[in-house]
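Quick heads-up: it's one chain on its own, the form predicted alone, in structure tokens.
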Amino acid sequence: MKRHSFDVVVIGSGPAGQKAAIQAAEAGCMVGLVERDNRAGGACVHSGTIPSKTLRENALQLTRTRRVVRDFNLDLEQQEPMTHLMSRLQQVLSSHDSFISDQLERAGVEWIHGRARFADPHTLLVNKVDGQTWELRSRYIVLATGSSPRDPDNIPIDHEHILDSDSILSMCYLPKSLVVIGSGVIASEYASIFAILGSRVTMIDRYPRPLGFLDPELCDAFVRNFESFGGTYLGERDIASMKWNGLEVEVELENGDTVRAEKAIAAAGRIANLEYLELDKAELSANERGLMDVDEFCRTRQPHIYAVGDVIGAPALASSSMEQGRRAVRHALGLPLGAPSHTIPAGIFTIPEIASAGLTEVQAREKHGSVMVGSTTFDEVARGQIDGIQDGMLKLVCDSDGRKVLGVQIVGEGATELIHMGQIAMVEGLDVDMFVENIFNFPTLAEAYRLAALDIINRRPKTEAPARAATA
């Protein structure tokens, strides 16, 4: 058995693990990064974020081309090979993988291909692919093992007819019809992508509306667009049984209805990858939700063991996971942390995009009582008309004086980029007036901030409104 000693060992090379390893290496530590896959990046790169966003972008490009050049003969035939729709995926994955690998190598991180488990609180055993077992001793250990799709007991996933959110992209062709079980982020993203590509998509979930954690206006906009693509949302439905009957997927609902489709995808959440770690050897355990409990520094009950990313639960975003990995290592090494960011933007890559930062209108009213809300639609913005963006909206939520920005919600193409302007306004404590008193490029979607801000300013007491509105 080979024995190695490190200052920091990170398990998992997804966004959280990458940033943890690089931060430790930049601080002068000897760092080992254990990854069970032979490529860097974890599920984010190879089966989750990047593949799904590549498919989404290709779907949008195809849709735009159809709209602009109707006679270009680009209509999808049914049974269209999925390889055509994922044409750039391998190029994107290869480029990203090379970038991550080069970055880790430049930082001096030792790549260890294998599966790690605890032997004791400071020791890991790694089963290598060549059959060897390595023993790793480390001052600090960071768990960044990510998550896998949750397979509900009543859904017989076979990865051919009934797929999960990882195997969905292994389909050989675009299905004529698709059932999506779930209504969260992953379910909504895939449902809208396949609907715009021409599949007849039915979403089924027990909740009354998809993406129910968002502002209701954003949820409604998503549903309107989804239905305009031919999609159907069946809310407040429970599944009694589900099977492949030899010809199609058959979903029996508790109310007696039956939904049939060529393929199905179960996107009913994800579970933390903790099963192989043998946490008990480190005197640790997962909580009742199958996650690791941590403090504000991502430290577990063992003060030298940290957990970051999906294994600690919400928000479980690539962006927040990166920051957790970086801050966890800085805390372990006694490096300055800086003030934590409490304004984390959420970007949902449905069609159209949805983004949110800060409080929703409902949350703001619950926390602050009276609030002022201003909004505008993208059809009031020149760039929205130029780009043909349908059903876009930007909403600002401010305090009762209509000054301090408490939240921003956006739906429409470009939302995940636009949200950062509102985020910075909240982080810096800027008044909503700054969106009116500063000049934006014309024509751009950023003008929606100006119009929404004017909407709020015009709701203030009339003694203030004329002076402000005159700057419009």
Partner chain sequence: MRCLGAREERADKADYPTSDTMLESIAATAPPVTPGEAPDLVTEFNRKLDAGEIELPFLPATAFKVFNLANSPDADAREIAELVEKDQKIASDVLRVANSAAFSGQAEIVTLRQAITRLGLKVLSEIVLGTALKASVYEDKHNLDRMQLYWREGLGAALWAKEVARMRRANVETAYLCGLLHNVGKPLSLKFLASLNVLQDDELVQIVDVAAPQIGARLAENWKLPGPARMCIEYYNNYHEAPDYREDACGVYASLMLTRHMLDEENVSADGLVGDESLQSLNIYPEDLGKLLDKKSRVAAELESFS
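Computed from a predicted model, the values in this text were never measured in an experiment. Residue numbers count along the first chain shown, from 1.
FYI, the form predicted together with its partner chain isn't displayed, but the following is about it.
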| item | value |
| --- | --- |
| Listed range touching its partner chain, judged in the model of the complex by heavy atoms within 4.5 Å, from 366-374, 258-266, 344-352, 98-106 | 258-266 |
| Candidate spot Asp164, Leu174 and Gly246, all three touching its partner chain in the model of the complex (heavy atom, 4.5 Å) | yes |
| Contact assignment for its partner chain in the model of the complex, among Asn287, Ser319, Ser170, Ser228, heavy atom within 4.5 Å | Ser170 |
| Contact residue in the model of the complex, chosen from Val129, Leu335, Val362, Ile386 - any heavy atom within 4.5 Å of its partner chain | Val129 |
| Proximity of Gly198 to its partner chain in the model of the complex, heavy atoms at 4.5 Å | no |
| Contact test in the model of the complex: Asn38 vs its partner chain, heavy atoms, 4.5 Å | yes |
| Contact of Arg115 with its partner chain in the model of the complex (heavy atom, 4.5 Å) | yes |
| In the model of the complex, Tyr207 touching its partner chain (heavy atom, 4.5 Å) | no |
| Any residue of 273-302 that, in the model of the complex, places a heavy atom within 4.5 Å of its partner chain | Tyr276 |
